[in-house]
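Below, in structure tokens: the form predicted on its own, a single chain.
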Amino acid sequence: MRSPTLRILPERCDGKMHCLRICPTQAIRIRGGKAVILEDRCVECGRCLQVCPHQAVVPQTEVFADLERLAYRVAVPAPSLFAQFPREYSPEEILQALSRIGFHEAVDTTQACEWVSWALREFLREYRGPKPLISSFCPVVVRLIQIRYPSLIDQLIPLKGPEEVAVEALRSKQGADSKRPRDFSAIYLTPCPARVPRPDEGGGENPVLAGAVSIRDLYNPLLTFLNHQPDAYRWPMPAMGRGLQWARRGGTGTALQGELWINASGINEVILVLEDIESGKLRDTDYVELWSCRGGCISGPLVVENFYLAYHKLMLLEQRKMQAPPLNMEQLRKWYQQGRFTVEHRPRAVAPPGTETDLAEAIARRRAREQAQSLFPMINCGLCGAPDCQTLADDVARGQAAVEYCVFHDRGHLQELKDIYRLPGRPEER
């Protein structure tokens, strides 16, 4: 069973369907006046988290204050972290500050971003299969393909994300004289609930990342330290390179040379592009970069800063023309040949519960769906607890709902809803 990364707190939920209407994969239902997430359909995009006015949707990230239980903590920040703070604080200072607020040290993932961009270019140069290849660096996109576009799984780039590569590189540098223990805990500072590591999804007993803390949870203690740090703590660090661009759309392709590629962001735009790929419209394209969040990870559900302002800050950081140490091409080629950039397990198709296993069952379910749909008004009011009439018909055919959920078919259900939401009846009913 897949471990959920989003949870709904019933005591905060008012059942007013904000999340139901915005979910791009119809993974939310309202039952008994409370929202329920269908985990096998959820792609963890976090849209429900962003629109809930009562903060009833919460990510299953680590609580920053609870990290003290880990003996040696290494912060692994997403590049989007550096665009959340006032402009006077450089990425180098933010990295240094992390080692003063609860972490023993912090790793620069932007360098790993450059390494993976180089590996991406090498993979595209060698690849001879069906096109386009699709970026696998947004876990929401990967999950969406697993559920709705399984025929495209083999076109996902089989490369690890920069956060994994950065941690594995840190472990490989472990020397006998290092103060860092071999069993250190790498904690990802995440802009997105979908990036919470799961031991049950390929990580085994010793996952690369031990946990994740949301940028939102980390922001206040980190900003407080930055605002009050003595000048003595403003130590110089090696300047960062182009890897910062991974925080925004277009960032993964910075090392590409001559390849035909496109990028898209926002879950609805991503779905349109995937539809085009599945229909064969983009077969002459070499590479497609996709991010579920608008503009890339910089607008993830767990960030703090306004999207437009954060995007502008990131552009200003890039204009500093930061120069990281030159890439060690000999080392990168060695790692690439050793398979250190390549994932061990490719994603697999995920069939929603109740998926038909044979033709006869599929035909019977289609007939049940059509019969149920004929009873509904098709106005998509949502009072049944499903996002639209067609989805309710599908739920009925799968045995997950009843025709009586429709208030036009059963007035008794309408009265139940009035009682749940404490709505008064008409004057003659009072």
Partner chain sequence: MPACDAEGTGKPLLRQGYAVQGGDFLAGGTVSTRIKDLLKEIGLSPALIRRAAICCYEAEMNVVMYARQGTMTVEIHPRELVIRVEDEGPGIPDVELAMQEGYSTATDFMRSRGFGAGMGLPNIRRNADLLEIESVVGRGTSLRAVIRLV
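The shown structure was predicted, so the numbers you read here are calculated from the model rather than taken from an experiment. Numbering follows the first chain given and starts at 1.
Keep in mind that the form predicted in complex with its partner chain is missing from the display, and what follows is about it.
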| query | Picking from 362-370, 45-53, 28-36, 61-69, which part of the chain touches its partner chain in the predicted complex when contact means heavy atoms within 4.5 Å? | reply | 362-370
| note | Students should find that, of G280, G258, P326, P181, the residue having a non-hydrogen atom no more than 4.5 angstroms from its partner chain in the predicted complex is G280
| request: Have a look at G250, P207, P221, P150 for me and say which one sits with a heavy atom within 4.5 Å of its partner chain in the predicted complex. | output: P150
| field | Proximity of Q155 to its partner chain in the predicted complex, heavy atoms at 4.5 Å | value | yes
| message | With a cut-off of 4.5 Å between heavy atoms, is P130 one of the residues that contacts its partner chain in the predicted complex? | response | yes
| field | Contact flag, E275 vs its partner chain in the predicted complex, heavy atom cut 4.5 Å | value | yes
